[in-house]
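A lone chain, given as structure tokens: the form predicted on its own.
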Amino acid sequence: MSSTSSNQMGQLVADKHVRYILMAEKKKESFESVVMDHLRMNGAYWGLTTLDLLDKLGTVSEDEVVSWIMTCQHESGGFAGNVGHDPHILYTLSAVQILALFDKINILDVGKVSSYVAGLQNKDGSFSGDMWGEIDTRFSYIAICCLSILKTLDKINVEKAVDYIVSCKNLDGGFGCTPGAESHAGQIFCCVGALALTGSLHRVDKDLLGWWLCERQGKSGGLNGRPEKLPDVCYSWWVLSSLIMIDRVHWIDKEKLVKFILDCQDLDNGGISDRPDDAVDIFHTYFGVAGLSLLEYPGVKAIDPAYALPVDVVNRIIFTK
């Protein structure tokens, strides 16, 4: 990219995003913080992964983060979104991913955590999120991703898990949260990611799904989650990662998408919003930076589209005994 075109494109204000994330963690009394209290584990994963992608993970206290994570673990092996909340598969994956970022998986009782996750698989191969039993293909992905990081996929019936995901495939090539539910980019990521991690991508109609996904790009360059919806920065991750996993990412206009993400930055205070001129939050900051990583934006580390972790972290997991 020549310097003139990159000037027109705008720049990633990485240092401001780093400052925004570090400040967000300190503002525990703010409205957002109170509302997000039960989700703090997810927020920590979004913030810390963003810092790592910007090569700034060293700006946080590893010991503080790791000891807080371990206080969120329950007797069952599962993790809660924060101290004093109930365990859920969602927060369990975020906890494992954060420990992976810091190369601290070894402090876990892997047998206990993986037994908690495996125990949430149902007879039909689907997964519940927690003891209350809500079923969703998101939980299938989360279980498979979590057990894959812990190298304990053999604790579940992988074949049944894959068959259940495939049963959620629709005529448009996409996937829903349960069989017959409408296709949605977030669920497609979960299903394609789970199939990628289990070596089952041959079960996807790549051209049909690729077409549905590239149709998500609007005039602004941004991507939406399903037809007739507004573009949103978070779909830069859900749609792009899916396109990469099925080798169809060249079907969208990458430059326009980069511009859309950069236009959603708060250039003064840092952070990225869902669309230009909206309020920023940690969720969209992560998905914006992760999207730029998938687009090979300079200065952002590479992220693995299936594990949603930096590639160097994934390599460390895979190549460690």
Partner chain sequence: MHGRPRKASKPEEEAASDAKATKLRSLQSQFMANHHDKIYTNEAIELSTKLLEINPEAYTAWNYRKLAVEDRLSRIESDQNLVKSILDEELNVVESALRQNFKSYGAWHHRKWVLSKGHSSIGNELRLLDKFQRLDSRNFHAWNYRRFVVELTNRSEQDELQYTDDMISNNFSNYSAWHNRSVLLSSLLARNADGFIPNKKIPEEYDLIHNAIFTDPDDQSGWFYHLWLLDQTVNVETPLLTSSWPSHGSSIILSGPGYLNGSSSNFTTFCSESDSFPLILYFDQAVGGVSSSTVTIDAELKGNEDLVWEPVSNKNSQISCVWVARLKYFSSKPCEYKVKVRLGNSPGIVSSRGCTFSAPYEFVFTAHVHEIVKDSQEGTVSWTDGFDIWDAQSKDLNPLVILDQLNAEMDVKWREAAILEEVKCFRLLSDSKIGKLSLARLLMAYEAMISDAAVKGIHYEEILQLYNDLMALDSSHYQYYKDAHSLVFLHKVTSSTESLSRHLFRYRDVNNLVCLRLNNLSLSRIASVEKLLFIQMLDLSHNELHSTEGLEAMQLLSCLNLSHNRIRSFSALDSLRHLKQLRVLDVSHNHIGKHSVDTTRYLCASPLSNSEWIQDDVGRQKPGMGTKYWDAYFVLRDLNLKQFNIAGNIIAGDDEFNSFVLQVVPTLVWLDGQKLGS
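Positions refer to the first chain, counted from 1. Here the structure is a predicted model, which is why all the values come from computation and not from measurement.
Keep in mind that the form predicted together with its partner chain is not shown, yet the notes after this line are about it.
- For the residues M245, V113, L99, C146, the 4.5 Å heavy atom test against its partner chain in the predicted complex is passed only by M245.
- Taking the partner from the other structure, its partner chain in the predicted complex has a heavy atom within 4.5 Å of a heavy atom of E296.
- Its partner chain in the predicted complex comes within 4.5 Å of a heavy atom belonging to V311.
- Its partner chain is not drawn, but in the predicted complex it has a heavy atom within 4.5 Å of E215.
- Not displayed here, its partner chain is approached by H202 to within 4.5 Å at the level of heavy atoms in the predicted complex.
- Each of D136, G180 and T198 is positioned with at least one heavy atom within 4.5 Å of its partner chain in the predicted complex.
- Residues of 88-113 that come within 4.5 Å of its partner chain in the predicted complex, judged by any heavy atom, are H88, Y91 in sequence order.
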